[in-house]
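As structure tokens, one chain now follows by itself in the form predicted on its own.
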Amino acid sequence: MNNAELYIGMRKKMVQQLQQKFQYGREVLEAMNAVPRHLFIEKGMEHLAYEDKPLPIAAGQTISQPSTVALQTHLSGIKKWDKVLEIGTGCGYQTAVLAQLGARVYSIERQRELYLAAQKNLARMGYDKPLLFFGDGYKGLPQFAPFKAIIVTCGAQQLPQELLLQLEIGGRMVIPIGEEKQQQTLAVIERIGENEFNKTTHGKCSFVPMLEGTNK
């Protein structure tokens, strides 16, 4: 068995394990099965790529564990052609999953090292449609708003008001909220009117903190 076949088998097993944990949508599981997570992580850690755990990447950040990526994607309710804003591109793995679903992805990363790495990762795997931006995630991308969904891949101490206003009515933001990693709650904020929002929570989570500004 060559490496490609090995990783296909590992990815299939990962998806089977995800199915046992939660009733994710079929499209989400198909996207998770299609994206080669081992190509987004640091060299020498490929054997851990399909375990359900976060792994370190450049700039002191992490790539979220597969079940977290699947859950955020599922909760967003993203469909093909939906316009999606991702806050925290990281190494580009979540971006690739969204692109695999057929979404029109706009993604912001504040760490220049990760912004450049994600560009290379996505390009070499043929994901050339996502639009990546180096900038402050708290500000979002108002010039491209409104968005059907906003996925935040870092923990915010409080809801970023500028991002809420970039949701279209009927759109959803999936965001971890909390001051400490161990005290974060995964929330879904749905915009139901011009100034009306509905919030639901979906368990505890642990993300790196959401920071303002950029790191060059």
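Keep in mind that what you see is a predicted model, and the values were worked out from it rather than measured. So that there is no doubt, residue numbering starts at 1 and follows the sequence shown.
Keep in mind the form predicted in complex with ligand SAH is missing from the figure; the text below concerns it.
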Since the chain is shown here on its own, which stretch among 107-115, 75-83, 123-131, 141-149 would lie within 4.5 Å of ligand SAH in the model of the complex, judged by heavy atoms? 107-115
Does ligand SAH come within 4.5 Å of any heavy atom of Val174 in the model of the complex? no
Residue contact check: Ala187 to ligand SAH in the model of the complex, 4.5 Å heavy atom: no
Is the gap between Ala31 and ligand SAH in the model of the complex 4.5 Å or less for some heavy atom pair? no
Heavy atom to heavy atom, is Gln61 within 4.5 Å of ligand SAH in the model of the complex? yes
Near ligand SAH in the model of the complex, with a heavy atom at 4.5 Å or closer, the residues from 74-101 are Glu86, Ile87, Gly88, Thr89, Gly90, Tyr93, Gln94
